[in-house]
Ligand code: URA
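Heads up, the chain below is alone and in the form predicted on its own; it's given as structure tokens.
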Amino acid sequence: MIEFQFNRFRAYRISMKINDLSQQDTVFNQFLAEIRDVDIQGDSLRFRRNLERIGEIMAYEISKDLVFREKPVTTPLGTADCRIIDEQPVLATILRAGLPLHQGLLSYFDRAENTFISAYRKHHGDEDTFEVEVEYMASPTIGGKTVILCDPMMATGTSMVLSYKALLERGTPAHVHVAVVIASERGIRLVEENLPSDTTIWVGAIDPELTSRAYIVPGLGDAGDLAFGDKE
């Protein structure tokens, strides 16, 4: 049982744009297959690097939705009119599992401002009952800015929604991109119901089920433990 309370939007609200990157045959799916593969997961370095590469591909795809402007660039032989991102996004990441994904995004949006949010499951005596709590956030002001809110796994969607609500303490963003590697259908629904209707979701794959402990099936397990080792 997962305890939470969120405001529900009305049934007529416009559906969010969902970009499922697994629907295209690209090298992205190779990296996705490797982070799922139990025979490869034992190599934490490779797991982290694959999350980074997935973040890099997501950054490239998200960049297609950003605003660009022309900038004259002086070369040794003249001037070239180049198109560059008009304003860098703010990269907001849920700790700790989100760090490798964040690094991949930051490799492409290398001038971005950064936000870090500590959201964790607070258990109540057993593994099946918990609440999600946001304990800490370090963030610049985000009013009027584009925010990319990322986490490798979106199981119930609770952490993503609570993190978004925490971000509002720093202002209201102009647009939010949610970037997740694997989401459950339930998590997608909760985000659709509780984030602005113009939010864009970028997801590596959408899986159908959750276990009683709210792990995604088939999923990949605990992304934080696979990247950084078991926690107590």
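Start at 1 and count along the sequence shown; that's the residue number. Predicted, not measured: the structure shown is a model, and the values here were computed from it.
As for the form predicted together with uracil, it is not shown, yet the points below apply to it.
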Query - Site check I54, I57 and L106: each within 4.5 Å of uracil in the predicted bound form by heavy atom - result: no
Requested in this report: Go through 108-116, 147-155, 75-83, 133-141 and give me the stretch that gets within 4.5 Å of uracil in the predicted bound form, heavy atoms only.
Outcome: 147-155
Requested in this report: Find out whether any non-hydrogen atom of D20 is located within 4.5 angstroms of uracil in the predicted bound form, and reply yes or no.
Outcome: no
Requested in this report: Spell out, yes or no, whether the shortest heavy atom distance between A214 and uracil in the predicted bound form is within 4.5 Å.
Outcome: yes
**Report entry** Residues within 4.5 Å of uracil in the predicted bound form, restricted to 32-55 and counted by heavy atom
**Finding:** none
